[in-house]
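Provided below as structure tokens are two forms of one protein chain, presented individually as structure 1 and structure 2.
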Structure 1
């Protein structure tokens, strides 16, 4: 095989800035030293001296970590490691108007997987109050005369399921994905082709009342699939 062909097998060298490298070094330092939230991290001048870079480069790397919620400055303590908010970045970038069709479909598929998998948590943590709330939404849905009312019922029903699951991270993730879900439902309404699955909200509530946990995942899958098909 020729040298030219061998060269084409080489992977391109990834370009990284000095700030990229400092950021990576700091991440490795935090992990290897097992630094915990609340613990101090080295000062800006100490980092610059240890890595042999300018303070401006260190400042840029630190600002990135600060944006991720990994560090913050405290009076008389300097910089400390904080508990990062893993959802904060997603909240800033996930919105249907800035996502293309492919990404919206991927996110909706993710939502489908989450809701199908919620069953175990729902049956462990459901309460009479939650079930009555779902009953009221189903009743509103039956009386709804406009698309806006039906869309509101759709959103409220699924939001209540995440609330029932009792997992704060899941609830926040649902809130992040909600604009995509609303976008799909509103898009269908504009086409005058709102999805109605073979399993309704009322059917799902009956399953929750019956304590038939095994029937729930497939029922939710059938309920959401028409929305996915329209994407």
Structure 2
């Protein structure tokens, strides 16, 4: 009897709807035929007939791909494959209030890892313009009087670093994750803030002005140490 119950519990996992299957068929179709962005894909009715399902089901599958930015459709021209934004899917899921504490923490760790490792991209792609922008932020931070203003500078500083790295995908990744971090930052700001890292933003900028790429990772590690110690 208990075995039968266990089997029942397994059943829903293996369950796939027609829409799921059509979605997979379409993915395979695109890959196998190596269809490129701009190329047309078959009409809804053609797909429905070819796979022996209702147009309804096909539309559900197409709707999913369209949401991810994999296809676009025009009223008569039919549908075409598009170059998807790789981070689109992430953006669609991530919302701070839905994610649980555990995942939020893991994403924050991910951020720390990224910033320590960012050095080589920064030194290869830094520009006068970016460095001056960082200078301005440090200046603003010094003059800041309220906690809110300081946190804004904090966010601006680190966002500018990602911008400097000259990697759009990475920047986009950061932009998507930012709202999650803001929650953590708020949490951290309530903690003892005298234990701030011994390396300041100004110190980091100084290193970036130099050509000493070796110094960056450990400087950033020290800067982030208050956060790292919380792991």
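Positions refer to the first chain, counted from 1. If you're wondering where the values come from, they're calculated on a predicted model, not measured in any experiment. Rigid core: the largest C-alpha set superposing within 1.5 Å between the two forms.
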Assuming the other structure does not fit, state which one is the form predicted alone.
1
I want to check residue 91: does it shift between structures 1 and 2 by 2 Å or more at the Cα, with the core superposed?
yes
After superposing the rigid core, is the C-alpha displacement of residue 77 2 Å or more between structures 1 and 2?
yes
